[in-house]
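One chain follows as structure tokens, the form predicted alone.
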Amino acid sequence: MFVTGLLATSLNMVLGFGGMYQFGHAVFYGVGAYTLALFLTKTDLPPWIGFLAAPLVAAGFSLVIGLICVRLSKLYFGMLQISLGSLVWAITFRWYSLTGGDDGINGIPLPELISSTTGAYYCTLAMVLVSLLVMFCITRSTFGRIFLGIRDNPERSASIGINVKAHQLVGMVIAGFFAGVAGSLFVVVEGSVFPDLMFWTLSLEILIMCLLGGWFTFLGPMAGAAIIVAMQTFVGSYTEYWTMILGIVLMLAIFFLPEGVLGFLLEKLAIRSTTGTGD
């Protein structure tokens, strides 16, 4: 849940705070995971280099894809991302000698410190908390404020001299970097990687997490990830049609909670603190 929540939060850096329809975000997650997996299985370099390289390579991919996509906007921007992400997925799926093809890479050797379940848990928790803190500081920085301004009114932002495309590109690189961090943590938790990590359906899944939890709040994606993982765990133990129930819940949330579950709760708390009553 922590890893998926971090991935959804990284998407929300450009979706909720930047107003960019990033439909191919999972590809950066998969690139980060594969980078670490290849470092640990194909090289004798110190493992920490792989952990450092995973988000940097993911950010590099985000920069390249961003340079191509940022010229467009809205749905055209998102659709082009899906196309480029599918291309990366297809290369990974077919390049058996390097990526293992559809079998992926299994049994990845991890450093002794994080090879146990307890070690992996605390490592994941620590990296997720640090990443969330850094992303939160970014959203509260001058860059974050400008990013919000671009989301609300890109034409007015451009008219006062802000380079809209450059800020959007930087936002994509930041989001890609933290998606790469999440990808490396997936390797720590699962000890394997496979091409579906970068498929567009996963991008759709984390997009749903953002919408369900609240894409205008910083912790909304974490809440959305917790809700979906809980439904998958508990509802999925009773019926294999849990995705149908998820669809109904999402439909109700869109109609009645357009700000998401966390956004709705924060709004109620704000009204309560303003009026001093629970009504």
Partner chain sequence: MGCAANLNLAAFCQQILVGLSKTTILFIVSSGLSLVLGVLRIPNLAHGSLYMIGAFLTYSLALLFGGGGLGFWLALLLSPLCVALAGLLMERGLFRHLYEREHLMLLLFTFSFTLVFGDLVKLVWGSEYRSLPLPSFFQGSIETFGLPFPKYNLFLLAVGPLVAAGLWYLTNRTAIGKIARAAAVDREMVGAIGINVSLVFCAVFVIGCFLAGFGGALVAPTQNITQGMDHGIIMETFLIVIIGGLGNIWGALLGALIFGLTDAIGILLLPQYAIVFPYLAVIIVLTFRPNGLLKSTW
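Positions refer to the first chain, counted from 1. Given the structure is predicted, the values throughout are model-derived calculations rather than measurements.
Quick note: we don't show the form predicted in complex with its partner chain, though the next part is all about it.
Peer 1: I have Leu72, Phe199 and Met251 flagged as a candidate spot, so tell me whether each of them has a non-hydrogen atom within 4.5 Å of its partner chain in the predicted bound form.
Peer 2: Checked in the predicted bound form: all three residues contact its partner chain.
Peer 1: Given that the partner is absent here, does Leu15 sit within 4.5 Å of its partner chain in the predicted bound form, heavy atoms only?
Peer 2: Heavy-atom contact with its partner chain at 4.5 Å: present for Leu15.
Peer 1: With a cut-off of 4.5 Å between heavy atoms, is Arg94 one of the residues that contacts its partner chain in the predicted bound form?
Peer 2: Heavy-atom contact with its partner chain at 4.5 Å: present for Arg94.
Peer 1: Any chance Thr41 has a heavy atom within 4.5 Å of its partner chain in the predicted bound form?
Peer 2: No - in the predicted bound form, heavy atoms of Thr41 and its partner chain never come within 4.5 Å of each other.
Peer 1: Tell me, yes or no, whether Phe264 is in contact with its partner chain in the predicted bound form, where a contact means a heavy atom of each within 4.5 Å.
Peer 2: So Phe264 does not count as contacting its partner chain.
Peer 1: Name the single residue among Ile105, Val173, Ala120, Leu207 that comes within 4.5 Å of its partner chain in the predicted bound form, judging by heavy atoms.
Peer 2: The option sitting close enough to the partner is Leu207.
Peer 1: Looking at Ile68, Leu219, Val229, Leu52, which has any heavy atom no more than 4.5 Å from its partner chain in the predicted bound form?
Peer 2: Going through each option in turn, the one that passes is Ile68.
Peer 1: With the partner removed from view, which of 82-90, 165-173, 130-138, 182-190 is the stretch that lies within 4.5 Å of its partner chain in the predicted bound form, judged by heavy atom distances?
Peer 2: Of the options given, it is 82-90.
Peer 1: Using a 4.5 Å cut-off on heavy atoms, what residues in 16-43 are near its partner chain in the predicted bound form?
Peer 2: Residues within 4.5 Å: Tyr21, Phe23.
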